[in-house]
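Here's a solo chain for you in structure tokens, the form predicted on its own.
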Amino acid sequence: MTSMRAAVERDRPIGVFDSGFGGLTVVNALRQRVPNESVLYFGDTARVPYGSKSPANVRRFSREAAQFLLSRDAKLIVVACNTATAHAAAELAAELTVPVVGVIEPGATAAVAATRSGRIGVLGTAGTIGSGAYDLAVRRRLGEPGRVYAQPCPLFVPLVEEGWTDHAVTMRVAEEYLRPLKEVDVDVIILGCTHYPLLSPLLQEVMGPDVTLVDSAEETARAVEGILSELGLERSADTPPSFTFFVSDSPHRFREVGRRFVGDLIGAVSHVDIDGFGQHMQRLASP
């Protein structure tokens, strides 16, 4: 009976939530890193973007998303939104009974391991950069000699969602955004938004081969792999994994745009209203 219960625990899906589409790069990374795992994805497309919302609202949205995924039997929660990670991941980890993985700490760890000069750049949305979360996470690991240079890149998300990942306009925008980081000679750049991995070839071309790009989605998947192994929660390979997608608005648009991120992995997309979901859970601490 004990072994049967353990098998059921292992075969539960990984829950991933994001404010919209960007977390699909995390799903893609999970598919590569832990190919036997099933994934539940929730995109809060009715309330995107989180970056323009107050920290208190971001925490509420994150609590509702996590509780929805838990109601669908998730064995681990991935906070695939950088803003939600900055404002809510620590509180969720303290409240929930399953492991919680955000996208900031894995990226910061990888960046510090990769730097030779101690000069690290961070690209992100205005909300993520404004939170200072990457700056704090990197500085905790680098120590006093290190320098962190944060650059908000608000135009990257709409360009990616438009499918302009290798467009001349995107190249011009990238050159403008990256110029300050080139001037201070960073040798590592954290892609601090889960949309940005789709721009990796273009960003690498702008920065040159001597600069390492850290994909926070890939590093998050690596962290998930380690946790599943440590806790003995790896899914068996007896049956193919499943990928299930939920959104809070516009399933058709999510399927259309989402396929630019993960291809035909997205089939049916279900609409769900999670406003007020999980009100029984203790409120996350206010700022």
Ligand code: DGL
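Numbering starts at 1 and follows the sequence shown. Model, not experiment: these values are computed from the prediction.
We do not show the form predicted together with the named molecule, though everything after this point is about it.
Chemist: Choose from 162-170, 124-132, 110-118, 177-185 the stretch whose residues reach within 4.5 Å of the named molecule in the model of the complex, heavy atoms counted.
Modeler: That would be stretch 124-132.
Chemist: Taking 4.5 Å between heavy atoms as the contact cutoff, choose which of P49, P241, P55, G226 touches the named molecule in the model of the complex.
Modeler: Exactly one residue meets the criterion: P49.
Chemist: Is the gap between H195 and the named molecule in the model of the complex 4.5 Å or less for some heavy atom pair?
Modeler: Yes, H195 sits close enough to the named molecule in the model of the complex that at least one of its heavy atoms falls within 4.5 Å.
Chemist: In the model of the complex, is there a heavy atom of the named molecule that lies within 4.5 Å of any heavy atom of V98, even though the partner is absent here?
Modeler: Answer no; every heavy atom of V98 is more than 4.5 Å from the named molecule in the model of the complex.
Chemist: Please tell me whether any heavy atom belonging to S216 falls inside 4.5 Å of a heavy atom of the named molecule, as the geometry stands in the model of the complex.
Modeler: Output for S216 is no: heavy atoms all beyond 4.5 Å of the named molecule.
Chemist: V157: heavy atom within 4.5 Å of the named molecule in the model of the complex?
Modeler: Taking the distances in the model of the complex, the answer for V157 is yes, it comes within 4.5 Å of the named molecule.
Chemist: At a 4.5 angstroms cut-off on non-hydrogen atoms, which residues of 74-90 are near the named molecule in the model of the complex? List them in order.
Modeler: Result: C81, N82, T83.
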